[in-house]
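Before any questions on binding or motion, here is one chain by itself as structure tokens, the form predicted alone.
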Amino acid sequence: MNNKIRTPYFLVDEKKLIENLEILKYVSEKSGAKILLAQKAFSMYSVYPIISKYLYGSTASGIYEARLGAEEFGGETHVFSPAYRADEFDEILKYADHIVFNSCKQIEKYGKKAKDCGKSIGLRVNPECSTQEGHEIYDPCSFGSRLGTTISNFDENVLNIIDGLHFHTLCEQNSDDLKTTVDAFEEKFGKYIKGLKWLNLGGGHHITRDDYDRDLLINIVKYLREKYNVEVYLEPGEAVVLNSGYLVSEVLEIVNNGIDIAILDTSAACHMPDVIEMPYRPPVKDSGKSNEKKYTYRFAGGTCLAGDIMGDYSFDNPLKEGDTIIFEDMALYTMVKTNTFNGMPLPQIAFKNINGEIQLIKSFDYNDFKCRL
């Protein structure tokens, strides 16, 4: 390993990344779907040359992701925002090929300008069909959601200008939930699809997970393409990098307060915020659940936040200061969410190529903390 790499650091494994991409390529070829990278989950652009060989383009949530996708990924660049800023919209038009609006009012405000620039435009709709359990923070169909136009707020006049409809309702889910959503979508919006050019089924499809029903997904896409004569887009983020990344950390100290607590040189609050936001317990290499193995530890971060906790893990052998701890499935929604709360340094970013060689991609220092504010 490059001796410049120090913990904590993110490590992305090219071999596992390509395994995911091969699955996505298979789904695309069998179904005819155009698959895009959702940059909100993963925007490590140093590996875009690899990903772009397999996917059709990228999706963005705003101006910076749109520019990154256009400049570094290529292919089609799709943008969706709950509301666009007037002082940014002209620049977004430079980067985007597809622009998806969140409301009919936004289309009234910006649609003609986008159309006059040759952009394909769409409307995000809300089929009001919640299929999630335990992911309320990521449920766009929850009560009071701002995301997507409900059928009661749909203005048929937009059909004169839009090219497609978009929905995004899933989070880490299988294709049976997509089928449920498509049924609800057709019930509410099906009569408006004829004459459109495309449908975008959003993200949250765990396509590369071992138990994912890819045949059902393929059949759903083929059904929509054949029935409505439209192109179909999918925009997974997690599925692209599922299980292909790690966060490598080190035990700094072990203390006891009713339970052994291992203080690490990483932080849930700073380096993997979804652990607190979702919340969830990230997998750790060679560990078991609490008390499953002989020695149990609570993993905690180095910030002053009392709740900076990753979870409880057990091991066959006792941990000691200096031991390496490897958090798994850490490529998605981690690097894109890191922060420097408490002056916590950002983790380095490294890449393990197909030959097993590890290369340092990015380092951060005091200036990355200081110059933010």
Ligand SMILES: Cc1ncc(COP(=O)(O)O)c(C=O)c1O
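Each residue number is its position in the shown sequence, starting from 1. Predicted model only: the values in this text are computed from it and were never measured.
Keep in mind that the form predicted together with the ligand is not shown, yet the notes after this line are about it.
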Handout entry: Close approach of Lys40 to the ligand in the predicted bound form, 4.5 Å, heavy atom
Key = yes
Practice task
Answer for Arg298 alone: is it within 4.5 Å of the ligand in the predicted bound form, judged on heavy atom distances?
Solution key: no
Handout entry: Any non-hydrogen atom of His98 within 4.5 angstroms of the ligand in the predicted bound form
Key = no
Practice task
Classify Arg124 as contacting or not contacting the ligand in the predicted bound form by the rule of any non-hydrogen atom within 4.5 angstroms, answering yes or no.
Solution key: yes
Completion exercise
Per contact check vs the ligand in the predicted bound form (non-hydrogen atom within 4.5 angstroms), the hit among 263-271, 185-193, 161-169, 243-251 is 161-169
Fill in the blank from the handout: From Tyr54, Tyr48, Tyr333, Phe315: within 4.5 Å of the ligand in the predicted bound form by heavy atoms is Tyr333
Practice task
Scan 222-249 and write down, in order along the chain, each residue with a heavy atom lying within 4.5 Å of the ligand in the predicted bound form.
Solution key: Glu235, Pro236, Gly237, Glu238
